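Here you get one chain, nothing else, as C-alpha cells; it is the form predicted alone.
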Amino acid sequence: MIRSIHFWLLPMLIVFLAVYGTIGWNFIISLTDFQGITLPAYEVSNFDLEMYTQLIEDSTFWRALRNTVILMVLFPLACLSVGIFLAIIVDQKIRFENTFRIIYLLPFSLSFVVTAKFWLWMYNPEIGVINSILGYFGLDFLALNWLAPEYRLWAVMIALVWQFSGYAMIIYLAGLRRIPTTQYEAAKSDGANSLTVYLRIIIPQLRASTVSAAIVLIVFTLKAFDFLYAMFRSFPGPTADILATMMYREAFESANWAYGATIAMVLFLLALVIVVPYLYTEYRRGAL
C-alpha cells in the first residue's frame, strides 16, 4: 500500500476536497445568515442554528418534505412492480427478446429534461396524446387536466415510472437468469402452478436485486429536480413541490444561501438514511 501511495493519494485528496469538503462547507454556511451579498462570517461566535429553527417552523418545508417522502416511497414501489412484471415476461424466452429489452430500457437512456418535455406534451389537456386517445375511444369523460395542481405529483410519478421501469426490469432479469431452471422444474413437478412458483420460490430469491434497484431509484428520486424544473420551473405548486426545488428557489432565486444550504443538508441526511444501512448490510454480507 505504501509503495502505491503516489497512485492513489492525489485522487483521494481531490475526491475528499471536492465531495466531503464541499459538504462540510455547505454545513458551515447553513450555520450562518449568508445571503450572497457579502462574504459569510466564518467566526465560530457567529454560528447558530437559526436557519434550522426557521426550517422547522416553515410550512412550505414540511409540504416539500411530505411530497419528497411520498415520491421516495411510491415511485420505487411502482417502478419495481412494473420492472419485475416485465422481467418475468421477457424471461419466458419470447421471440425478439433483445428488441423488447432495448425498447423497455430506451427511456432510461433519456435525460430528465427530455422526459419532462415529452410528458409535458403528453399531458397537454388540449392537444396531448393521452386526452386525444381517450377521445378517440369515446372516453372523453376520463379526460383530465393532467397538469392541474392536484394531479401534478402523480403525473410526475407516472412519467418517472415510465422512464425507470426498464432499469428495474434489467436488474430483475439478471436476477432471474441466475436462478437454476431445476427449481422451476422441481416446483412444477410437485404440482405448483406458475403463479405459486414465482410468489413462493422465485421472487423471494430476488431480494438482493430488489434492494439494489430500490436504492438507485430512491437516489434518483432525490435528484428529480431536473424533471420538475423542466416541467414547472422552480415552483411546481404546493402539491408537487419537493425539497430539491425548494432549495433551488431559496438559494438561487431568493439569494437566501444559508437557508438553501440548510435544505441541502436535509437532503444529504435523507440520502445517508437510505445509503448507509444498505452499505452496512452489504459490508456484513462481505459484498464490499
Partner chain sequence: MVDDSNHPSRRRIIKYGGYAGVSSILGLAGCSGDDTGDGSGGEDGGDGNSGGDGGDGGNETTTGEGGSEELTLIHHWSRGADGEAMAQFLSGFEDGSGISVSEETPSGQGGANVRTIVRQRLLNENAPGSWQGLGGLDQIEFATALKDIESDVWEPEGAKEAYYEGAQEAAQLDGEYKQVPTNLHRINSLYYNTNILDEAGVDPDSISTIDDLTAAFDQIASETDATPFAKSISEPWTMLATWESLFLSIAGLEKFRQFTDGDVASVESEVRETFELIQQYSEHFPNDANSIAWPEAAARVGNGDAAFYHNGDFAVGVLLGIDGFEFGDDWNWMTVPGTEDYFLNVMDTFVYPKNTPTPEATQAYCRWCASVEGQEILNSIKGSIPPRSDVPQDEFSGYQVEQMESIADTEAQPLTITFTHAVNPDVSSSLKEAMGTFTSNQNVDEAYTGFRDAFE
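Residue numbers count along the first chain shown, from 1. Note that the structure is predicted; figures quoted are calculated from it, not measured. Only the largest set of C-alpha atoms that superpose within 1.5 Å between the two forms is called the rigid core.
Beyond what is shown, the protein has a form predicted together with the partner chain; the following relates to that form.
- Residue Leu39 is the only one of Leu39, Val44, Ile56, Leu49 with a heavy atom lying within 4.5 Å of the partner chain in the model of the complex.
- Only one of 101 to 109, 153 to 161, 123 to 131, 207 to 215 lies within 4.5 Å of the partner chain in the model of the complex by heavy atoms, and it is 123 to 131.
- At a distance threshold of 4.5 angstroms between non-hydrogen atoms, Phe232 is in contact with the partner chain in the model of the complex.
- The partner chain is not shown here, and in the model of the complex it never comes within 4.5 Å of any heavy atom of Thr196.
- A residue is said to contact a partner when one of its heavy atoms sits within 4.5 Å of a partner heavy atom; Tyr283 fails this definition for the partner chain in the model of the complex, lying far away.
- Among residues of the shown chain, Arg66 is not one whose heavy atoms approach the partner chain to within 4.5 Å in the model of the complex.
- Shown here without the partner chain, the chain has Glu126, Asn145, Leu147, Ala148, Pro149, Arg152 in 126 to 159 lying with a heavy atom within 4.5 Å of that partner in the model of the complex.
- Superposition of the core reveals a Cα shift of less than 2 Å for Leu269 between the shown form and the other one.
- Leu10 is among the residues whose C-alpha shifts by 2 Å or more between the shown form and the other one once the rigid core is aligned.
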